[in-house]
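Just one chain is shown here, as structure tokens, and it is the form predicted on its own.
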């Protein structure tokens, strides 16, 4: 209470100490990076709280400029990141003053025991590389960049250890525990039959009712998970597809085109019924279509 009604800002060592500064409106601090390492908004405005100054790329490039590697898969070197994404496995390990780095293939790194180009097999702990081996299966089919489905990360199906000695990791049974995330709350993996069951992502879009073999290679066609003639699907699917000869794109134009090609993989198998019509709107709460060119307001 010194009478000036101004809070004194003194930065800690983690924030850069005396090398950091506060102008009264903006901060120039170590924890917000710098333009030199690719930060697009490294001097954040204190009163701007819309989230635009906290996105990946704000403090440092994604990836930073050379001599940093140009690889955008942060998890290949930083074990606190999710494979193939900009999602943190452990947010508490971000902006903590420590650069967590594991050289791919190095002793102690994920790929020194399993995986190769990333942490997932092939190879598995027994050295297998064929997709028909239980330890290999469809790992890469899930983790690879896809043109038809929402990205899958390791934490969608596993509790990913942050260290080699984390509880449940290297527990002696050489079996990976499968713990599905909230998108698959009913999902079950049965090691004896190498099948995933009661899961959403291989179901018909109406909850946890999908079953799939983990070790059967090959691309999945439309109709493998949900019907393409509307059988067993919700509401008036069958009537529209069979009786009215409508294409899926008639109501799901943001996801698929008339040739049955997924046009936005981020919107496919994402837990949301994506409805986009050329004319009309769909209210998911009342399950009603309105202002359509084919009929007035109708409940689905």
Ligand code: HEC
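Note that the coordinates shown come from a computational prediction; the quantities given were computed from them, not determined experimentally. Numbering follows the first chain given and starts at 1. Rigid core (definition): largest C-alpha set, two forms, superposition within 1.5 Å.
Keep in mind the form predicted together with the ligand is missing from the figure; the text below concerns it.
Considering 129, 227, 116, 211, which brings a non-hydrogen atom within 4.5 Å of the ligand in the predicted bound form?
Here the answer is residue option 227.
Spell out, yes or no, whether the shortest heavy atom distance between residue 248 and the ligand in the predicted bound form is within 4.5 Å.
Residue 248: yes, in contact with the ligand in the predicted bound form.
Heavy atom to heavy atom, is residue 72 within 4.5 Å of the ligand in the predicted bound form?
Residue 72: contacts the ligand in the predicted bound form.
Taking the ligand as it sits in the predicted bound form, is residue 153 near enough to touch it, meaning that at least one heavy atom pair lies within 4.5 angstroms?
It does: once the ligand is placed as it appears in the predicted bound form, residue 153 has a heavy atom within 4.5 Å of it.
Does any part of residue 84 reach within 4.5 Å of the ligand in the predicted bound form? Heavy atoms only, please.
No - in the predicted bound form, heavy atoms of residue 84 and the ligand never come within 4.5 Å of each other.
If you apply a 4.5 angstroms heavy atom cut-off, which residues in 44-65 are near the ligand in the predicted bound form?
Contacts from 44-65: 53, 54, 55, 56, 58, 59, 60, 61, 62, 63, 64.
Once you overlay the rigid core, does the Cα of residue 248 travel 2 Å or further between this form and the one not shown?
Stays below the 2 Å threshold, so no.
Can a Cα shift of no less than 2 Å be assigned to residue 202 between this form and the one not shown, given superposition on the rigid core?
After core superposition, the C-alpha of residue 202 moves less than 2 Å between this form and the one not shown.
Does residue 29 move its CA by 2 angstroms or more between this form and the one not shown when the core is aligned?
Comparing the forms between this form and the one not shown, which are aligned on their rigid core, residue 29 does shift its C-alpha by 2 Å or more.
Could you tell me whether residue 142 and residue 93 have their C-alpha atoms closer or farther apart in the predicted bound form than in the shown form, knowing the shift is 3 angstroms or more?
Farther apart, by at least 3 Å.
Are residue 125 and residue 75 closer or farther apart at the Cα level in the predicted bound form than shown, by 3 Å or more?
Relative to the displayed form, residue 125 and residue 75 draw closer in the predicted bound form - a change of at least 3 Å between their C-alphas.
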